[in-house]
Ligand code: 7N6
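In the block that follows, a single chain appears as structure tokens, in the form predicted alone.
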């Protein structure tokens, strides 16, 4: 594979200005223009946020996703057509880790209630036993890849008792115990917080539903920074309405943007954020580092980093 022209697809503007990434890659060997679907003809590769059928029509040889998740891409078709797909896993541990801990801190220290009170100019105090500290509380992190380990590291630093769930069951840093998915309900049963950090696959779709909420403590909070369909959303709403769990911090949803008529907007103990756990001002620089490394690897005939297909 030769990369003579590497397009920055205009869809990355959903996350950062594409010109920032173009300029960050200005020292790379291939030409790096910002392109739309109708400007892909001369490109060998593209860096993108969204998937477009135009990628296949343009006969691209390499597609790089600026996200870690790759569920939006037709993997089987890429395999058949010989299109390489790489993703951006490995760069979100700090941003997503801080975001997840921020959600937990908001619930524990009642920050979300104070913000709402400020909007209505209301000086209102929580009940004496509502606020608590994260120190000593149990967190179960479901999925211990880059995102999960980023959450675990920061929660451990705050004194939380961290356990995790991963397919292999192998131990990881900053976790006191690691369960396999077969023992998911046991893993979440004594946790004050359950943080989801798994990719969306056939195995993880609907991973958390009514039975898992039933297994969780009534004072437990769900934190989802994975993908919306990992949670059975209707069953989450039912669990919240029936007070089976205390609340949820949700950055991802089955349908995005979250519809206006979703009941999730209305729960006092639900924090809704617009799929921005990984957002940070240096995001484009991290992407540029991954892309530059893979351009060099392709040139040297080496295996690409983060290759999915």
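Positions refer to the first chain, counted from 1. What you are looking at is a predicted structure, and each value in this text was computed from that prediction instead of being measured.
Although it is not shown, the form predicted together with ligand 7N6 is what the next lines describe.
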Self-check item: 4.5 angstroms heavy atom contact with ligand 7N6 in the model of the complex for residue 52
Solution: no
Quiz item: Does any heavy atom of residue 275 come within 4.5 Å of a heavy atom of ligand 7N6 in the model of the complex?
Solution: yes
Quiz item: in the model of the complex, does residue 279 have a heavy atom within 4.5 Å of ligand 7N6?
Solution: yes
Exercise. Although ligand 7N6 is absent from this view, report whether residue 283 comes within 4.5 Å of it in the model of the complex, heavy atoms only.
Key: yes
Quiz item: Out of 28 to 36, 236 to 244, 64 to 72, 261 to 269, where are the residues with a heavy atom within 4.5 Å of ligand 7N6 in the model of the complex?
Solution: 64 to 72
Practice problem: Taking ligand 7N6 as it sits in the model of the complex, which residues of 1 to 34 have a non-hydrogen atom within 4.5 Å of it? Please list them. | Solution: 15
